[in-house]
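The chain below stands alone and is given in structure tokens; this is the form predicted on its own.
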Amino acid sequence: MRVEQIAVFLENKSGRLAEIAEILAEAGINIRALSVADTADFGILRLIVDKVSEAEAALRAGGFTVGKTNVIAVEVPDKTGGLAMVLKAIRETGLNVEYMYAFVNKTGENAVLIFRFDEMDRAIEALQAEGFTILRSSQIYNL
């Protein structure tokens, strides 16, 4: 039920994101989703890729600091209110969203919301109880 995500710490300077994209492309790694957050001095690039171990090794070899975390991928209808439905279910449990990002499937029928919660197991239980589909990592990597 959990998806492995890579977090890469970046200096906030021109060309660093392009360097990561090139490293991954040269290694034959496909980016499925990403999010970039920055401060004045550094950024955090969060990536979901089709080959997690290979991506981690390639980025480390390229001199980047890389970490792995688990996130949850929730499938929702790609329509107005999709995010609100998920957040309502989470709010009622008292859980906290640490961060999230989203992407739309190629079919355009559904969106996939990527979440990191303070209590991952409770979040999975709460979302499944409300009828949400939690995608497996293989489903995300192959989208």
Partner chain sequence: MTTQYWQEEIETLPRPGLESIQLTRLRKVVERVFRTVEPYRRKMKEAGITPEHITSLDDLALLPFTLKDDLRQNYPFGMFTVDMSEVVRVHASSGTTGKPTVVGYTRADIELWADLMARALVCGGATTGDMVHNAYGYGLFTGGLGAHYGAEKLGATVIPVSGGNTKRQITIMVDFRSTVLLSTPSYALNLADAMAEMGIDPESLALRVGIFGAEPWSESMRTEVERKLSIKAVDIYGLSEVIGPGVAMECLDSSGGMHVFEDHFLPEIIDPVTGAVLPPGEKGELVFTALTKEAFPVIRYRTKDICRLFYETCRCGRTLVRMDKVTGRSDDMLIIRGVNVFPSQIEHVLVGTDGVEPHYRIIVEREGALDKMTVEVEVSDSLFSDEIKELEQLRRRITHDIKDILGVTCRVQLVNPRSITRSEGKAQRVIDRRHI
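Residue numbers count along the first chain shown, from 1. Model, not experiment: these values are computed from the prediction.
Missing here is the form predicted together with its partner chain; even so, the following discussion is about that form.
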Q.
By the heavy atom within 4.5 Å rule, which residue out of Gly94, Gly67, Gly28, Pro77 makes contact with its partner chain in the predicted bound form?
A. Gly67
Q | 4.5 Å heavy atom contact, Ile140 and its partner chain in the predicted bound form | A | no
Q.
Considering non-hydrogen atoms and a 4.5 Å limit, does its partner chain approach Val3 in the predicted bound form?
A. no
Q.
Under a 4.5 Å heavy atom criterion, is Phe132 part of the interface with its partner chain in the predicted bound form?
A. no
Q. Could you tell me if Asn12 has a non-hydrogen atom within 4.5 Å of its partner chain in the predicted bound form?
A. yes
Q. Using a 4.5 Å cut-off on heavy atoms, what residues in 31 to 67 are near its partner chain in the predicted bound form?
A. Ala37, Asp38, Thr39, Asp41, Phe42, Ile44, Arg46, Arg60, Gly63, Phe64, Thr65, Val66, Gly67
